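Next up is one chain by itself, shown in structure tokens, the form predicted on its own.
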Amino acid sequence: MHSNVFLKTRGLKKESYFIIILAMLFFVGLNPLLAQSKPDPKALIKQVDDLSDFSGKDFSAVFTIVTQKPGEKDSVTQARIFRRDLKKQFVILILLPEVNKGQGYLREDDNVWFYDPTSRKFSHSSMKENLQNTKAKNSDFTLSTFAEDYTVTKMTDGMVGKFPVWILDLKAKTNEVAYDRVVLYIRKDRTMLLKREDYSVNGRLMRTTAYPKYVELEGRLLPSQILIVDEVNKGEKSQITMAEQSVSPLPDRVFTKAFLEQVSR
């Protein structure tokens, strides 16, 4: 009788031990999966940068920007953008409004130049400056360089509408960028930037940008519609629409001062 009791007790111990071992194996196996489900933040912002990177090819498009300000008539700015990402070159040629037609911006090495066809002179500009009378910065139309210009300080998850997103809090590495702090809302199921918040050095929210529509070009995803809301001047916002996007080769002369002078005549 004692033997039977011992065997039953021993059997229970073995069964409990087996269950514990299985549970340990399950959680040991599960933990790497949980870790893998949360992407490396540095790799994630690099993926965002890569979405618009056409290195090895030229990129051009026409952007129409409708800006609204309380008590004023909507203003329309249209610009043709030329980019050569491999050399970080870009040209912005203003098409509308008619009064500003022919004005342009050129990035040459580390310099950004603004050309005024009326005076026929170039003056220094920067990536931080607004494009004409819009809420967009010159940097909004160039190659995205979050991974190069910012450090990720925090990563959480959340929702934008019905989409689960990763929320990345970024701190600027340099004062060359337009904003000291940027918060990105990146879609989880497919790497796409859905929303962006830009903050000043003192922590004030300056603007919020939404990216409701994308188009695919050469395997890259580009925002075809962008909404920029000015958080300082309430009621002011710009809606940007992209069209005529192309990766056809551009002549070298496009990325020169001479080109802006020629097309503005």
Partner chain sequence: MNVVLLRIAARNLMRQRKRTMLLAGAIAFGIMIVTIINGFAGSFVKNISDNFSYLMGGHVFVSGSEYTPSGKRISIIRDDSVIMQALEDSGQKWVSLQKTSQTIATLIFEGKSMQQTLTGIDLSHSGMIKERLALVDGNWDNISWPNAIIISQSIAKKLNVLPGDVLVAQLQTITGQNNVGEFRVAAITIDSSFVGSMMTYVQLEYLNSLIGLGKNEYMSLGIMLERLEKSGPFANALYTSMKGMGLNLFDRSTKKEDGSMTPFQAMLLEQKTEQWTGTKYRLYTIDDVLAQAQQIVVALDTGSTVVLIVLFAIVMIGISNTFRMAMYERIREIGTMRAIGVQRNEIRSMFLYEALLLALAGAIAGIILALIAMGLLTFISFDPLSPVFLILKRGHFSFYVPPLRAIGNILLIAVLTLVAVYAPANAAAKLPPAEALRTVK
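Numbering follows the first chain given and starts at 1. Predicted model only: the values in this text are computed from it and were never measured.
Below, we turn to the form predicted in complex with its partner chain, even though it does not appear here.
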property: Listed residue (I81, M155, L95, A172) with a non-hydrogen atom within 4.5 angstroms of its partner chain in the predicted bound form; result: A172
property: Proximity to its partner chain in the predicted bound form, single hit among L217, M206, I226, L44 (heavy atom within 4.5 Å); result: M206
property: Full three-residue contact with its partner chain in the predicted bound form, heavy atom 4.5 Å, for E176, D180 and S200; result: yes
property: Stretch in contact in the predicted bound form with its partner chain, which is absent here, among 208-216, 46-54, 228-236, 60-68 (heavy atoms within 4.5 Å); result: 228-236
property: Contact of K128 with its partner chain in the predicted bound form (heavy atom, 4.5 Å); result: yes
property: K195 within 4.5 Å of its partner chain in the predicted bound form, heavy atoms; result: no
property: Its partner chain contact in the predicted bound form: R107, any heavy atom under 4.5 Å; result: no
property: Any non-hydrogen atom of K137 within 4.5 angstroms of its partner chain in the predicted bound form; result: yes
